[in-house]
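Just the one chain here, laid out as C-alpha cells, in the form predicted on its own.
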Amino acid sequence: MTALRDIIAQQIEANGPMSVAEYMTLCLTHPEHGYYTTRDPLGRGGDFTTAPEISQMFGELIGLWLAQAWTDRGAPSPFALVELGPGRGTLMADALRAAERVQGFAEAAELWLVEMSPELRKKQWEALGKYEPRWADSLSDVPEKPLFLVANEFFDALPIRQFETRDGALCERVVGLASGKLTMGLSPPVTEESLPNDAEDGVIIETCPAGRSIASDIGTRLKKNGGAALIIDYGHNTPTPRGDTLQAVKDHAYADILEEPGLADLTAHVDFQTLAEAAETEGATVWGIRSQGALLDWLGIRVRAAMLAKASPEREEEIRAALDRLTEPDQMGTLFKTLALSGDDIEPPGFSEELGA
C-alpha cells in the first residue's frame, strides 16, 4: 500500500468519489508522491522509452524541422524555443546539435523547458546546460516572443475525464472506495458535457480539458507572435473518438491503473482533432495530422540512418532496429501522429496536402 493510495482514500472518504482527472493529477503530480515529481521514468531503468531515447535520428530531424520553419518565417531574433515535457532533455539536445548548423538559429533561440519535475530538471540541465535553458511550470510563464515549439509525448500524460452513456444520459466515471479498495464507478447523470446523438449504451467518451486549454494557448501565441509548433504523440485523428484508452505502465509493462497510485505512469490516447480545433479557434493555422512514420520519412530518416550505419558499421543492426521502431506501421509509425500549427499561411516542412497521411 502506497502513501499516495492512503491520501487518495482519505480524500474519497471525506469528499466522495473523485473524477478520473482528479485521480490522474494526484498520481502524476502530487508534490511528495507523484509519479513525475519523484523519479526519472525513462529508459531501461525506468518504466517506458520515448522516441528520442530510441535513436538520435528522431531529435535531429525534429531540430531540422524547427530550423527550417524558423528560416521560412524570416529567422526572427530573438525567439522562444519551447519544449513541453522535455524528459531528460535528449530530444532538445539532439535537435539543437542538428539545428545549430543553420546560421543564426542557436544564437537567436531562447530555450524554454516547460517542466515541473525537479528530478527531470536536473537531467535536462546535464543535457542542455551549455544552451542556458530556462524553466517554466507552464506555457503561460514563457515570455511573449515568436514561438517555435515541440511537444513529444506530452499531451498523453495530461489528466482526462471519462464519461459513459447510460440509459440515454451521460455519467462521469469516478474513482471510489469499496471494501477499502479503490474502484471505478459512475456518477449521477451530468449536464455539462453533451451526449453524442449516435452513442450506444455503455460507450465511453474521453475529454482532456487541460489539453484543450494548452492547445488554445499555443494557438493564441502563434497568431499574436508568429512561429510554428509540432505536436507528436499517440492517439486518435478521428472526430469524437470513443473507448477507454486510459492505461498504466510500470517496468515497461501494462499495470492496473488503481493498483499502485504514484508508482506507475498513467496515459491516455490524444484526441488530435480536438487539439487542432482548439488552436484554430484562437487563430492558428492547422496543417493537418500526419503519421510519425510519414513525417520522419519525408524529413529523410532513411538517408540519415544510412549515413550513421556507414560511419559505424558495427551499429548497423541497432540503427536498422531503431529506424523500424520509429517508422514501421506495426510499431510507432502509425499509432504515433504529428500535428503542425503555425501563426501564418507558410506551409511547415512535411505537411503538404499532396503528401497524404
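For every residue, the number given is its place in the sequence shown, counted from 1. What you see is a predicted model, and the numbers here were worked out from it, not measured in a lab.
FYI, the form predicted in complex with a small molecule isn't displayed, but the following is about it.
- Contact annotation: of the candidates L111, M116, A106, L182, the single residue with a non-hydrogen atom within 4.5 angstroms of the small molecule in the predicted bound form is M116.
- With the partner omitted here, the residue from F79, Y234, F154, Y131 that has a non-hydrogen atom within 4.5 angstroms of the small molecule in the predicted bound form is F154.
- Of the heavy atoms in G87, some are within 4.5 Å of the small molecule in the predicted bound form.
- By the criterion of a heavy atom within 4.5 Å, D271 is excluded from the residues contacting the small molecule in the predicted bound form.
- Taking the partner from elsewhere, Q56 is found to have every heavy atom lying beyond 4.5 Å of the small molecule in the predicted bound form.
- Residue contact with the small molecule in the predicted bound form: L158 places a heavy atom within 4.5 Å of it.
- Here the chain stands alone, but in the predicted bound form its contact with the small molecule, taken as any heavy atom within 4.5 Å, falls in 117-125 among 117-125, 165-173, 246-254, 277-285.
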